[in-house]
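The chain below stands alone and is given in structure tokens; this is the form predicted alone.
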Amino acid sequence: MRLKSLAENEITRIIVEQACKEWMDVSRTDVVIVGAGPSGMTAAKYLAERGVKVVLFERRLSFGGGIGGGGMLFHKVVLGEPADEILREVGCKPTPVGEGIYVVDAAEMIARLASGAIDAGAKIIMGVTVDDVIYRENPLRIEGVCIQWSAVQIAGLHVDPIFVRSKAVIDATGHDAEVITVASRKVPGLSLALKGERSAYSELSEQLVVERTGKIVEGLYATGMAVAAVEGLPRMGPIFGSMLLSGRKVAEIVEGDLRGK
């Protein structure tokens, strides 16, 4: 069997043409999620399932955030009920290791969460860094993000970003809450002092991260470890139940806010 192939210029034409079509569509969306870790991919899945137009930007060329490293590069992560329900929905098979406690393979969790978000209709674009937000006043609100190729930033080149408008932005960037940090520094009138995450206290942090997931200012939301950075909560290490539940909760909050507009 002869493999069907193309001339080099045709390969280029198809890639550029198809990518640009999608960028034209992405330039205005319902929700931008920043960070393809556990909470970001979970939020993308639930929002897309409900018919919300979602684009998820990930600065690296891979999914998973902190999942892939497991605990100190051991390839397993832990979670407690009811977060296992979310993994079962995307086809994972968590292994029970105690009463209400499960362990799951890190690679399986990454692959299934990513597939679940994409299958639901979310668009995930990798190699893109969000380095600023779009804001409006009276009332103060966030209305999108400024984006740049991660490779441009790594190279240290001065290249202006482009913009994506949205009705909501979800910071799922993890420990540094990168989007909220930028907004707190650069948006006039946004009186927000990030407290920074505290040292480990897993049982307490798992509960508090989920409880305090939500809106920071109109149009801007925190999920996952970004919540800990904003609220000064303890870290919890390689136990991921709260990350999944926080992602589901922020999706519910954002959807409710969008429906109310």
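The numbering used is simple: start at 1 and walk along the sequence shown. Treat the numbers as computed from the prediction; the structure is a model and nothing was measured.
From this point on, the text means the form predicted together with a small molecule, which you will not see here.
The shortest heavy atom separation between Ile239 and the small molecule in the predicted bound form is within 4.5 Å. Not displayed here, the small molecule is kept clear of Ala48 by more than 4.5 Å at the level of heavy atoms in the predicted bound form. In the predicted bound form, the small molecule sits beyond 4.5 Å of every heavy atom of Arg28.
In the predicted bound form, the small molecule lies farther than 4.5 Å from every heavy atom of Ala44.
Taking the partner from elsewhere, no residue among Gly144, Ile180 and Gly219 has a non-hydrogen atom within 4.5 angstroms of the small molecule in the predicted bound form. With the small molecule left out of view, the stretch that reaches within 4.5 Å of it through heavy atoms in the predicted bound form is, among 81-89, 99-107, 162-170, 129-137, 129-137.
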